[in-house]
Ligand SMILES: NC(=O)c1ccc[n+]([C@@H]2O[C@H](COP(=O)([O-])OP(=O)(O)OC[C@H]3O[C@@H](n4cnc5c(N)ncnc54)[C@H](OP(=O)(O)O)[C@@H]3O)[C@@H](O)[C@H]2O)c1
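Starting off, we have a lone chain in the form predicted on its own, written out as structure tokens.
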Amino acid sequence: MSAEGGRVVIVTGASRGIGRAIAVELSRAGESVVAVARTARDLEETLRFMEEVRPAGSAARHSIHIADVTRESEVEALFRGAAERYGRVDVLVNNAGHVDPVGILEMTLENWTHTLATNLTAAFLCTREFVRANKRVGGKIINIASTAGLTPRPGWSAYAAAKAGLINFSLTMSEELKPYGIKVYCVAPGRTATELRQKLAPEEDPATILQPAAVGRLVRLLVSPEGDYIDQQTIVIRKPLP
């Protein structure tokens, strides 16, 4: 699927943290990136970083798209816009995330619903639009989950439930989308130095844990032809213990 300007990749939640690191690393690889988030100012900074590392002479064309990917109409508009600008979308990276860690007695329905919508429903909406557009040409979907979806997380129940759902959704889609030639990957980072992690563990030293750039490099591998040999598994990435 690679063409002049590289593959066309949509990255959601690209305004900071892991999403920004993925967008920057894919730009470094010569791919064309559509960076998606709700905040224009942060997206513009992501775009600047992408342009800084874009290989000299590369035909890659980057763009930003402001959208709330929990809203069906905005997801549909995102994919229409990408198709109009690029003619196709080769890869989807579902990275949008949200966490508000509270115990079950303090959790409101709004908190629960918003957390699941951002971490899980958004991935469903984007995946469905991607499959509608690519069911005859194939492609790749990379879902960014978390090790919080693999083990108990007291006090983080909505987030952990959403990420567990995303992991199983990924494995299910990997089977369901085989007839369309669409490969589905699930990456589950461990403790990663992001603003989201600071909410979960405010006393933690971010220098001692995984850096977002490491996740970006893994996604770059999965997007590349070398990633074709990996499938139907949850890929855990974490910083080794000293």
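Each residue number is its position in the shown sequence, starting from 1. Predicted model only: the values in this text are computed from it and were never measured.
What follows is about the form predicted in complex with this ligand, which we do not show.
- Among Ala214, Leu47, Val53, Leu196, the residue placing a heavy atom within 4.5 Å of this ligand in the predicted bound form is Leu196.
- Just one of Val219, Val24, Val9, Ile18 comes within 4.5 Å of this ligand in the predicted bound form, counting any heavy atom, and that one is Ile18.
- Judged by heavy atoms within 4.5 Å of this ligand in the predicted bound form, the contact stretch among the candidates 25-33, 53-61, 183-191, 169-177 is 183-191.
- Though the partner is left out of this view, Ala14 does reach within 4.5 Å of this ligand in the predicted bound form, counting heavy atoms only.
- At the 4.5 Å threshold, heavy atoms of Thr115 stay clear of this ligand in the predicted bound form, well away from it.
- Taking the partner from the other structure, this ligand in the predicted bound form has a heavy atom within 4.5 Å of a heavy atom of Ala96.
- Although the partner is absent here, Thr208 sits far enough away that none of its heavy atoms falls within 4.5 Å of this ligand in the predicted bound form.
- Each of Thr70, Asn119 and Ile144 comes within 4.5 Å of this ligand in the predicted bound form, counting any heavy atom.
- Contacts between 36-54 and this ligand, taken as any heavy atom within 4.5 Å in the predicted bound form, involve Ala37, Arg38, Thr39.
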